[in-house]
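Just one chain follows, in the form predicted on its own, and it is written as structure tokens.
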């Protein structure tokens, strides 16, 4: 497990990157049993159509490029694709948008990803503090994190009790437990994601920042829709 992760880090370093591409970050998540949306990287429109059929509609297409970090800014993300024609058109449109706005960008492929059903969104993250080392962060998504700053922190490594404490500390905790007739969400899966994220950042001290945002949480299970990993500067 650590060997495969280290190889991904070395590849990024070799290419002069201190950040991982989304497929790389998601591959690392899977190595640590952190659930993510199903995905494959297509090199052609035909591959994108085939992968979308294998993954199952609706799907999302995203540009994969070391030169494009903010995919939405260049029209590099198209959501809610429902058939092969949608997929083919979206593939070509993303490439057209990228060539227009970032003509010199190196494009390594197009990410074909399942579109996770809407649900309650949470955020799981880690940032390396100069004094305390790797710290874990948890919060609910949307306005709870952006406006209310409703998040909880712990220094890694964390225990199961730490993870449960982080979850119960946020003001929006009643939403997770079920609120006004809404069913309770899978808190045990959130605990597992927090523990596995803690294990990942402790195993690999070169991780400077990690963001799983959003993580869709359901009555049973959860899936990270986006994953971002930034490495410490190359020594």
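Numbering follows the first chain given and starts at 1. Quantities reported herein were computed from a predicted structural model and do not represent experimental measurements.
A second form of this protein, the form predicted together with a small molecule, is not displayed here; the remarks below concern that form.
Although the partner is absent from this view, residue 216 contacts the small molecule in the predicted bound form, with a non-hydrogen atom inside 4.5 angstroms. A residue is said to contact a partner when one of its heavy atoms sits within 4.5 Å of a partner heavy atom; residue 86 fails this definition for the small molecule in the predicted bound form, lying far away. Residue contact check for residue 77: one or more of its heavy atoms lie within 4.5 Å of the small molecule in the predicted bound form. Remark: residue 121 counts among the residues lining the small molecule in the predicted bound form, judged by a heavy atom distance of 4.5 Å or less. Segments offered: 136 to 144, 152 to 160, 108 to 116, 90 to 98. Contacting the small molecule in the predicted bound form at heavy atom distances within 4.5 Å is 108 to 116. Contact with the small molecule in the predicted bound form, defined as a heavy atom within 4.5 Å, is made by all three of 22, 60 and 71. Taking 196, 27, 37, 65 one by one, only a single residue has any non-hydrogen atom within 4.5 Å of the small molecule in the predicted bound form, and it is 37.
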